[in-house]
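What follows is a single chain, given as structure tokens, in the form predicted on its own.
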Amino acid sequence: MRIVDNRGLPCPQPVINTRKALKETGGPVVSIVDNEAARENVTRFARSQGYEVEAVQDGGIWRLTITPPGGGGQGAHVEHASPTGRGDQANEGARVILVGTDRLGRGSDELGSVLMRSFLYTLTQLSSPPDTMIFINAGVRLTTEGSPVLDELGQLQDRGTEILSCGTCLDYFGLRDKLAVGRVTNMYEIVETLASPARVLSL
């Protein structure tokens, strides 16, 4: 039985680690988590893939025993399962992602930065990453020197995602010579890409 210790790990790492273990073994797997959100996320993911989950709490620690239906042998195959538990089907239509900010959501800038990094990291874990990511306005700060997400963007690029940064935006922020991943694009190419049949997710 594979044991996956997820204590102290931020979202979505517990789900990603559990998914990896299930993909490699088919189950059973014991996933150890130390917060309610991780317990709920791992449980929801496993059940969405057809597994049975038994949770045992000891203080602030949960041991989630995840087994195939019936409790034995090789279980459901999760080759195409996404870290959200909905499968990559939810991502197949959103082949182009337009990033217009260096933070995700509104409210706390600090939290927004954490969420953006978590979002990009999760993209690297999908079996089918986006075809193209376009960075405009403050989003170009993510593709330039000093960005905290260069590793994630580099992984996406290595897997075939085209990383494009608006040249006008780079010039506005004085960052053209600091581009660290991908290439410079222009508004014509941006509009042409966004007007194509591919679906677009805008951040």
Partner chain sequence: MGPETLSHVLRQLPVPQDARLLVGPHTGDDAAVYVLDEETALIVTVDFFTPVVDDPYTFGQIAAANALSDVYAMGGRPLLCLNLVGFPTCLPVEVLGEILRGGCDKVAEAGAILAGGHTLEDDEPKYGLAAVGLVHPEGLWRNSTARAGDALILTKPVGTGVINTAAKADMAPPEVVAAAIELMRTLNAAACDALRGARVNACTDVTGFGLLGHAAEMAEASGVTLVLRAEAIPVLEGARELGAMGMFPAGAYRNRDWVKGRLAAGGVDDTDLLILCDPQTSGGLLASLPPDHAALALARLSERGVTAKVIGEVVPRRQAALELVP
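Everything quoted here is computed from the prediction, not taken from an experiment. Numbering follows the first chain given and starts at 1. The term rigid core refers to the maximal set of C-alpha atoms that superpose within 1.5 Å between the two forms.
Quick note: we don't show the form predicted together with its partner chain, though the next part is all about it.
- For the options Glu40, Glu54, Asp158, Asp171, the one in contact with its partner chain in the model of the complex, meaning a heavy atom within 4.5 Å, is Glu40.
- A heavy atom within 4.5 Å of its partner chain in the model of the complex is found for exactly one of Ile190, Ala21, Val184, Cys11: Cys11.
- Picking from 46-54, 138-146, 62-70, 161-169 the stretch near its partner chain in the model of the complex, with a 4.5 Å limit on heavy atoms, gives 46-54.
- Residue contact check for Leu179: none of its heavy atoms lie within 4.5 Å of its partner chain in the model of the complex.
- Once both forms are overlaid on the rigid core, the distance between the two CA positions of Thr193 between the shown form and the other one is under 2 angstroms.
- Superposition of the core reveals a Cα shift of 2 Å or more for Pro12 between the shown form and the other one.
- The Cα position of Val181 differs by less than 2 Å between the shown form and the other one after fitting on the rigid core.
- The pair Glu36 and Phe119 is at least 3 angstroms farther apart at the CA level in the model of the complex than in the present model.
- Relative to the shown form, the CA atoms of Ala38 and Leu150 are pushed 3 Å or more farther apart in the model of the complex.
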